[in-house]
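The chain below stands alone and is given in structure tokens; this is the form predicted alone.
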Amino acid sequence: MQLHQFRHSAFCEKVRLVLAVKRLPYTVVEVTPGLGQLALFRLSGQRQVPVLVDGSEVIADSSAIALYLESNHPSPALLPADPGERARVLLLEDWADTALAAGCRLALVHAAATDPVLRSALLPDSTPGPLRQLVSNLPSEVMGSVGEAFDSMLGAGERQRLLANLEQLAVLADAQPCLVGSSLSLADVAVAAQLGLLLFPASSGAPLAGCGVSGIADHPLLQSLFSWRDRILAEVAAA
């Protein structure tokens, strides 16, 4: 199998976690923004990652890939057999991929606008050194304007909503080892992947590991949530 991805995409991380849980071997094709996406379009009919190629099968979208892998490699299961629990898992996965993903992405972009180290580290690995340096050294007044633009997109109300959702998520994570039932599920994987945009885990490597969104990554009420995320990642690695 081949996974066409952007390394720092939370949706690609979600697929990598599913593949890891199921212990499936695969190779990574890192897509270069722009020209690489044209090649991806010829392969899959769309420009977005992730895309999984499994023999003659080409599957786009992280949820479609997860369901494909669950169907073709059912053990260990990431969807419960119980219909009620299965429904809760799929609802949480959809929330993670939509509302949570949108809030996390905007919060990260805002943070990157004011943090040159984070901004440079998020560039694709194939980015030429001079361009990486240029992005890192963009004048503070330019990036301040970008930050203001994202402030208007992620206003105080949206940020408070994201924080409130994360605090409620922390309560769920504190109450039980997994978000639904007693076993790791697609809900845990989807949520853990998105949380990686707010506080990058050790697996992100230098210089991203430990970097995050100020005011969220260091929020005292959310430390248990990030600890839960790290435990889920460790459980996946040991699966």
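Owing to the predicted nature of the structure, the values given are computational and were not obtained by experimental measurement. Don't overthink the numbering: it's just position in the shown sequence, from 1.
There is another form of this protein, the form predicted in complex with a small molecule, and it is not shown here; the text below is about that form.
K.L.:
Looking at the small molecule in the model of the complex, do all three of F200, S203 and F226 come within 4.5 Å of it through at least one heavy atom?
P.N.:
Checking in the model of the complex: none of F200, S203 and F226 is within 4.5 Å of the small molecule.
K.L.:
Just one of T32, Q176, S214, S63 has a heavy atom within 4.5 Å of the small molecule in the model of the complex. Which one?
P.N.:
Exactly one residue meets the criterion: S63.
K.L.:
Can A192 be called a contact residue for the small molecule in the model of the complex at 4.5 Å between heavy atoms?
P.N.:
No.
K.L.:
At 4.5 Å between heavy atoms, is L52 in contact with the small molecule in the model of the complex?
P.N.:
It does not: once the small molecule is placed as it appears in the model of the complex, L52 has no heavy atom within 4.5 Å of it.
K.L.:
Would Q37 count as a contact of the small molecule in the model of the complex, using a 4.5 angstroms cut-off between non-hydrogen atoms?
P.N.:
Close contact exists here: in the model of the complex, Q37 approaches the small molecule to within 4.5 Å, heavy atoms only.
K.L.:
Give a yes or no for S44: in the model of the complex, does one of its heavy atoms lie within 4.5 Å of a heavy atom belonging to the small molecule?
P.N.:
Although the small molecule is absent here, S44 would stay clear of it in the model of the complex, with no heavy atoms inside 4.5 Å.
K.L.:
Within 4.5 Å, heavy atoms only, one stretch in 22-30, 55-63, 204-212, 181-189 touches the small molecule in the model of the complex. Which?
P.N.:
Of the options, only 55-63 has residues within 4.5 Å of the partner.
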